[in-house]
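As structure tokens, one chain now follows by itself in the form predicted alone.
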């Protein structure tokens, strides 16, 4: 089994002192227990130290001298004194800030003079400093023990450790689940194969809430609470909560916490359908913001900044703004000015970061939503980190966070029988992210650059860069691209997207993330390997050499703009309604649907953006779009459409229900969510 490697960087400007420090500390590391593979390396200047931290993902701790000076230099014009005296390279505070900005997960210790302890400690401990050592003391073994303990603390997984210890104790279970640590399947002639395939620990670790040592997800006070606190520190949140129903449930919990029935909500129409479900559950009065669209490639981009800012000014009584960053295709907002504008009007901000949980751990991907000032961020840890499917984080930075209301809504959606393996995977994912996330992401970003070059070298397939992907209306909005999402133009390969995906799957054993009518999107993660990239490149190169003649690709119908709400989404959804066909008796578009009000959310997958939401007014354009989509995209999933036999239909308000719900209900101002 691979053993960890940890480096402690010592930055000191005196070569002899630095050499002595490194010699003594490395001797201590060799003579004492060293489970994390600790070794000590040095740098004489702040610049050299920062370069090493950026270059080497194994650096876990920095020990910084609080006095870093430049050597005397008689040459003029270099910013140093010329009278033989040494000038300060950089203040310790400034260096600490630079290290934290580059890699916030690194622990930092300061070397200080004992007589200046009070003044230095007061100044530095306002920053992200974990401790200090006296410069004149040479207790290398003591220093090593402290630094080893610091790494051990960050590498702890409180919940996983408790779960593993309990499983290894092999307690007799007189409680749920019914398989009783797999005993019901072990040796069975019918299902033992499943037991062997999954492995014994899957069942050993599938336990009941009756095991008090493993805490309660619904009201944690022990190892789950501790694991959540460590996750909050890792991701830069005031509070973090583990969710075992995915970001879908996390979004619903936040909406129900922040919005009372009838209150206003600003949201990107492109938001994940879970946000739209949250609108129904909360009884919100939504203000939908149309996103930008790249029609050439069928890619949906962010909402234009001017649209968001105008909505904030027009609806200052909104309780919450919800945006998705980054998008499925890797487009992410310049969030800070948007969040600042919302906060200036007293509007809280939730950012759906389902596809961006990894961003905190590499400077090329930051700032994150929390670093930009968001009050709430939800992340699918399973999408880009090492957590199990459905495992998610809810991060809270809201200074007026009301934990009681949040907890009531959280418990409404959380199973009373959560899967402990999923909780453990969130704990372990946090550990991996802080201990080696930077190193793994360095590799992922390097592989992404290499793969871009390889795909472009085929001469048939072309990687779309940010200017290609950005719709015109957001090109000046400061949008950035997550390079771990690669969108490939496949229009010259001589196959439809469906044919290409089938070719990759059946001939080359490759499955890709998503597609439009002329693109494929590839997702690179911390688990992506060079050999996997090589296999993909080989497959695309082989296909390109077959020199198929380009074919005409049929565009997906253009998504109609949002119309308006005839009533609150919740009211429409909970009505009985009636089914009206999309086609009339002659198999043509049923124009009788125009003017009716949808009861359901109608969502084509892909792209997963609602064409209709509950309470929305239906127009001829929308009916035509749905019919065209069904005819052109013969493999599409169109969620919300009901088939009466072979006839696709939509549930709409009956005429009587329309009269009862005529007009939007007035906004009922309740209370700001406060502690």
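Positions refer to the first chain, counted from 1. Here the structure is a predicted model, which is why all the values come from computation and not from measurement.
The form predicted in complex with a small molecule exists for this protein as well; it is not shown, and the discussion that follows is about that form.
Listed stretches are 376 to 384, 428 to 436, 462 to 470, 313 to 321; the contact stretch with the small molecule in the model of the complex is 376 to 384, by a heavy atom cutoff of 4.5 Å. The closest non-hydrogen atom of residue 484 lies beyond 4.5 Å of the small molecule in the model of the complex.
Taking non-hydrogen atoms only, residue 355 approaches the small molecule to within 4.5 angstroms in the model of the complex. Shown alone here, residue 598 lies farther than 4.5 Å from the small molecule in the model of the complex, counting heavy atoms only. By the criterion of a heavy atom within 4.5 Å, residue 182 is excluded from the residues contacting the small molecule in the model of the complex. When the small molecule is considered in the model of the complex, only one residue from 492, 229, 307, 245 comes within 4.5 Å through any heavy atom, namely 245. Distance criterion of 4.5 Å from any heavy atom to the small molecule in the model of the complex singles out 272 from the list 272, 348, 154, 332.
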